[in-house]
Structure formats: structure tokens, C-alpha cells
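Here we start with a single chain on its own, the form predicted on its own, put down as C-alpha cells.
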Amino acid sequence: MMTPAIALPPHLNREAVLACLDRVLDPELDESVLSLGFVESVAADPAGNVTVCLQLPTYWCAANFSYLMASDVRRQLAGLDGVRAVTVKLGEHFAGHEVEQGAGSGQTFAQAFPQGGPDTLEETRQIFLRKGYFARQERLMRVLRRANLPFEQIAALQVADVAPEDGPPSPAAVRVEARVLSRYLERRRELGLDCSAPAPLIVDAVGLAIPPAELETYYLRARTSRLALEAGGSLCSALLQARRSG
């Protein structure tokens, strides 16, 4: 991960700013713009006017994904104490001006791109939230399979039956990697799915439990989503590195 150049006045907390940026995801890759290295710099003046410069992997990165990221950067940082205004710059990008102006003023995507585009990007966001959900779910099931749990047992697990490795003692629970579990449950909540203790651990994108006889096939389909996201992330990383090296 590239460390962005950061210049902030004393009243703005560096770690809080980075935490906000870490919550902004590339919708297609389901990883934060910070971990992907998209954030080149963050600067603010004493009045709290913050400017974030993003560098995307290519000049032709999709306008709707770029708009989502720029809008989310602005929304996340605008909620911080001491921030007066947020400006997001895209650098060299075919729709950089429209994205910067539209996201900066809180316009919808259709207002910023009147020649075409939906009134809202929420449908696009939901599509990629679900793709990321399957990838996160596959990572969790992979951990459970490495613990030698058969698919029939995985299908019977409830949310209460798993616990993070670094959590408090829970003898009856299956211990799993904390980040894998937290990211999976976080996405369940984002999709409005039940995360209560008695809820089935493995459910589809509308909250229905997967029958034991179908779970292996479901797992293989989820694996495809995860591999596609990881391949896309590797490609973007290589393209961004090549772009920065000239």
C-alpha cells in the first residue's frame, strides 16, 4: 500500500482522516481506496478545507465507479469534526472535471452527466455490494473448510457458532480469522441481512439459508466471485504502478 502524502493542521487528526478513507471502497474490487494505493495526497488548510487527490489505475476508469469513490470520500470526511469542506481531485481522468464538480457539489450522477446515466448510483452500488458479499463469504467458508468442517456442518452453523481468533474465550465456537469474520458480518449488515446470534451463518444475498446438499455448489460459485475480485485488484495494482512509473 502506498502511503499518501498528508499535510493537516493540528486540529485534524491524521488517524481519523485515514480511517475515513479506509472506509471508502472501490465498488468493483471491494477494497478500500487507501489499501489499493489510490490516495495520492490529503491536505487541509487551517480553516478545515480538505483536498484529497486520487490517482486511479487508468485514464479510462469507469465514470460511475469514479463518481462513487469521489462522493464517498467527500461524505466520509465531511462528517469529521473540524472539516469545513472537502474537495476531491482525480488527476488525469477522462471525466475528471465532471466527477470533481458533480461530487464536490453533491449532485447526482445524472446531473453531473446529463448525456446519460441513472438518477442514482445506488443500484450500481448494490450490485457490487452483493458481489463483494459472495467473495467475503467464500473467504469465511474457506477458513471453515481448512478447519476440516464438512459442508453439512457449515450449513448448520449459526452466527453464534463462530468467533474471532483474538476474541474472548468461547469453547463451543469455531475460531476464525478476525478480519475475515468482521468483514463478512459488516457486509451482511450493509445488505440488511440478519446478523443476530441464532441466524444461519451462511445465507444468500436475500438472507435465505443454503440447503446442505447445495452448499458445495454455492461455495464454488462464490469462489468464482472472489477470484474475479482478486484478479481485478492485481490488474489495477499493476496498472497503477505502471502509470506512476511513467
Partner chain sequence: MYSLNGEDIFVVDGHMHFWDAGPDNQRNDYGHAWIKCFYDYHSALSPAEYVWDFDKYRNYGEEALVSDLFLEGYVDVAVLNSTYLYEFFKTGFNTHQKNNVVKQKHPDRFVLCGSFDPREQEAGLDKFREMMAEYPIQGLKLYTAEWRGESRGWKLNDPWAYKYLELAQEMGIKNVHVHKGPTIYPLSRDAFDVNDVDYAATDFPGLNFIVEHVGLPRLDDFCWIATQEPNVYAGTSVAMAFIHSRPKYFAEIMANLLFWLGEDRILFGSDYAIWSPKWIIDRFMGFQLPGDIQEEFGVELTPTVKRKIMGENAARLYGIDIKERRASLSGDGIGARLSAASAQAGAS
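Numbering follows the first chain given and starts at 1. Every value quoted in this text rests on a predicted model; they were computed, and no experiment measured them.
Below: the form predicted in complex with the partner chain, not depicted.
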In contact with the partner chain in the predicted bound form (heavy atoms, 4.5 Å), from 199-207, 44-52, 214-222, 180-188, is stretch 214-222
Does any part of A5 reach within 4.5 Å of the partner chain in the predicted bound form? Heavy atoms only, please.
no
Taking heavy atoms only, is R142 within 4.5 angstroms of the partner chain in the predicted bound form?
yes
K131 versus the partner chain, in the predicted bound form: is there a non-hydrogen atom within 4.5 Å?
yes
So in the predicted bound form, does any heavy atom of T124 sit within 4.5 Å of the partner chain?
yes
Select from 39-64 the residues with a non-hydrogen atom within 4.5 Å of the partner chain in the predicted bound form and write them out in sequence order.
T58, Y59, W60, C61, A62, A63, N64
